[in-house]
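Given as structure tokens, the chain that follows is alone and in the form predicted on its own.
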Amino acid sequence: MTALPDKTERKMGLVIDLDTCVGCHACVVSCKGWNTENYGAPLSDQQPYGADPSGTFLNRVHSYEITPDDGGAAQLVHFPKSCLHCEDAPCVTVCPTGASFKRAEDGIVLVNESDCIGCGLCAWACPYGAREQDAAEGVMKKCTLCVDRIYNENLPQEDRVPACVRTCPAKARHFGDLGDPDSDVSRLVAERGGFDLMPEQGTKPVNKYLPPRPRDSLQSAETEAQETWLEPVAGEAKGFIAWLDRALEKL
């Protein structure tokens, strides 16, 4: 079995904003692309254009319709999910070959694929369903936080983040050291009331989620802004109406 480090120098992880995620799956596509071409064995697909397609993904987005307990308006919440790089990672301690391990320098949980026998014990132990077995390679796969990107000095500084963070059009994903209370991600968690996923499992996930804001307050603010933006002014059109007038004049 693999032992966990007593402590890690840093706690690198993700902060995901459920309020701004639009469920576009750009993070899923970029993750699949980067990890198929780079770190470890490629992420394979089986019958991708057949009647029963399947494949290996390290990041998935689930969508749920929820109704607040206070009776507010129903909301559609898009919930990205990947490995949470837990401090007390059960997927590591159950591994019989030591293939699963947690790095002491940054807290990232990885799989040494050359030692993995594909037994699936880590998948059984993970309460978040973040492990997947690659059917073609016969090994377990998981999010690596794009460890081959974040330390790659051949990349521009702005690209040294996980592929999912770099590509998110809504800026709903943030990356940094959650062990540093002064880091941007730690301050974001403190300001927005970031929370752990399923804390009752006792795994101490590093990744955090920012809760969605109540829709009623946002909707009223958005409606007010739209009304101001679209409101015609006597004798002179402004805002979107003015732009539309200019565009129509050119036809």
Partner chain sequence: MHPAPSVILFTTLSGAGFGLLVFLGAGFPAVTGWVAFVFFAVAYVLAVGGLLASTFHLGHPERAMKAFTQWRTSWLSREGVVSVAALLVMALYGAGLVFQGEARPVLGAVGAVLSLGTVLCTAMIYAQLATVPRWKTWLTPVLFLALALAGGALLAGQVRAALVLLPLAGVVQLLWWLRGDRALARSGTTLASATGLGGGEVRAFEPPHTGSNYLLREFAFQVGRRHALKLRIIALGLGVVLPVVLLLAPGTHVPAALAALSHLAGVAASRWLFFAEAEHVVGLYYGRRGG
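Numbering follows the first chain given and starts at 1. Everything numeric here is computed off the predicted structure, so don't read it as measured data.
Keep in mind the form predicted together with the partner chain is missing from the figure; the text below concerns it.
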Pick the stretch from 157 to 165, 111 to 119, 177 to 185, 142 to 150 whose residues have a heavy atom within 4.5 Å of the partner chain in the predicted complex.
-> 111 to 119
Contact test, all of 81, 133 and 198, partner the partner chain in the predicted complex, heavy atom 4.5 Å | yes
Would residue 2 count as a contact of the partner chain in the predicted complex, using a 4.5 angstroms cut-off between non-hydrogen atoms?
-> yes
Answer yes if any heavy atom of residue 10 is within 4.5 Å of a heavy atom of the partner chain in the predicted complex; otherwise answer no.
-> no
Report whether the minimum heavy atom distance between residue 42 and the partner chain in the predicted complex is within 4.5 Å.
-> no
Does residue 204 make contact with the partner chain in the predicted complex, using a 4.5 Å heavy atom cut-off?
-> no
What residues, if any, in 126 to 145 have a non-hydrogen atom within 4.5 angstroms of the partner chain in the predicted complex?
-> 126, 127, 128, 129, 131, 132, 133, 137, 138, 139, 140
